[in-house]
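In structure tokens, the next block holds one chain alone, the form predicted on its own.
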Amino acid sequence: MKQILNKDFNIFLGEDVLEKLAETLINKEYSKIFVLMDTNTHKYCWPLFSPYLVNFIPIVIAEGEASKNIKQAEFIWETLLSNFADRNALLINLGGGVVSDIGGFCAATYKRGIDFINVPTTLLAMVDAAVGGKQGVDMLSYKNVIGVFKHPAEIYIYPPFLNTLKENEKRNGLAELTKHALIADKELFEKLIDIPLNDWSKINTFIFPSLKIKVGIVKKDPFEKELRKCLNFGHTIGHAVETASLLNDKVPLKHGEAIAIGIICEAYISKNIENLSGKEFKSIVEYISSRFPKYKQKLNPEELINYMRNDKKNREGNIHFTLLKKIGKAKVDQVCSSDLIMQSLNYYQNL
């Protein structure tokens, strides 16, 4: 079992972590234990997880980003309240990014805060969403505009959960894993490139180094004042694309699929503003294009720029980006013209 221990939260990674979690629950003596899941987690992961619990109350929400809203948060709060959860209760978030985000938000705000533990079941949650202490919900389809900073008490990462995922869910997490490599570790990105297409057999080996990148950044800047903004590479445009897809598409893009588009577009902007080399730009585009299917819907630049204007990183009316100076080195708070944003979107459309 691998561990990352610090004063705010502990992370445990390995095939024996569920035994460690059971031991923790016995020692903590929580008054009540609630387990938040979505319908997918309940079907595929709950059978693997439930033997390690006794005396729990399940809470199940619909899967997908559409569930990450105040209405669903009210349902979770009401379930806690109707079961007389006090401030010594615990909420375990068993699921992917949506469950981690909304579960953490509900726990952090219920009776001014109860403990929560994240047990991520997707690659996306294991390397990103379950870690870092950013909890929140969407509003009017705008991503994460209502939220708090609050770390889980602990995080338990059980890699065999990845065996329950379809390939598109694995790709969903690959986008965030790739982002960590691009902003902080060129060697890690080169190792990702070396993995044969559609070969997921070695993906578990990338979880720990990816986690160390994120945890190291969060530890230095927990409230996203400066350095932590580098974790938003690909997300200014990616979140806008995700919002548009949620509003317009019958089958919306997954978070990682939208971030993959954002990575290509923001690499294009990096080439123009930060002089990212043509060679490195080409390697990023080729890697993302080979791993993620092309988005077939037409992008509306005006609509997307309008969504970007509500991005949390913005200041003084300017849209702020995290850009790459080179693979492994990012620069935060870069302002980009609307014309260049449009050029980047057109570049992606014409790939």
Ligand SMILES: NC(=O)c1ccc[n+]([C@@H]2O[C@H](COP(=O)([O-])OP(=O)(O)OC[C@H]3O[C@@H](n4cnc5c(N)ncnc54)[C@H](O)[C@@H]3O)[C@@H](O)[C@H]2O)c1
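Residues carry their position along the shown sequence, with the first being 1. Note that the coordinates shown come from a computational prediction; the quantities given were computed from them, not determined experimentally.
Note that the form predicted in complex with the named molecule isn't included here; everything after this is about it.
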Quiz item: Looking at the named molecule in the predicted complex, do all three of D221, K229 and C336 come within 4.5 Å of it through at least one heavy atom?
Solution: no
Quiz prompt | Position in contact with the named molecule when the complex is considered in the predicted complex, options A125, L174, A107, C265, heavy atoms within 4.5 Å | solution = A125
Quiz prompt | Listed residue (E154, E169, E257, E280) with a non-hydrogen atom within 4.5 angstroms of the named molecule in the predicted complex | solution = E169
Exercise. Could you tell me which stretch in 116 to 124, 79 to 87, 181 to 189, 204 to 212 has residues with non-hydrogen atoms within 4.5 Å of the named molecule in the predicted complex?
Key: 116 to 124
Exercise. Determine whether any heavy atom of C45 comes within 4.5 Å of a heavy atom of the named molecule in the predicted complex, and answer yes or no.
Key: yes
Quiz item: D311 near the named molecule in the predicted complex, any heavy atom under 4.5 Å?
Solution: no
Exercise. Give a yes/no on whether E303 approaches the named molecule to within 4.5 Å in the predicted complex, heavy atoms considered.
Key: no
Exercise. Classify K271 as contacting or not contacting the named molecule in the predicted complex by the rule of any non-hydrogen atom within 4.5 angstroms, answering yes or no.
Key: no
Quiz item: What residues of 153 to 169, in sequence order, lie within 4.5 Å of the named molecule in the predicted complex by heavy atom?
Solution: F161, T164, L165, E169
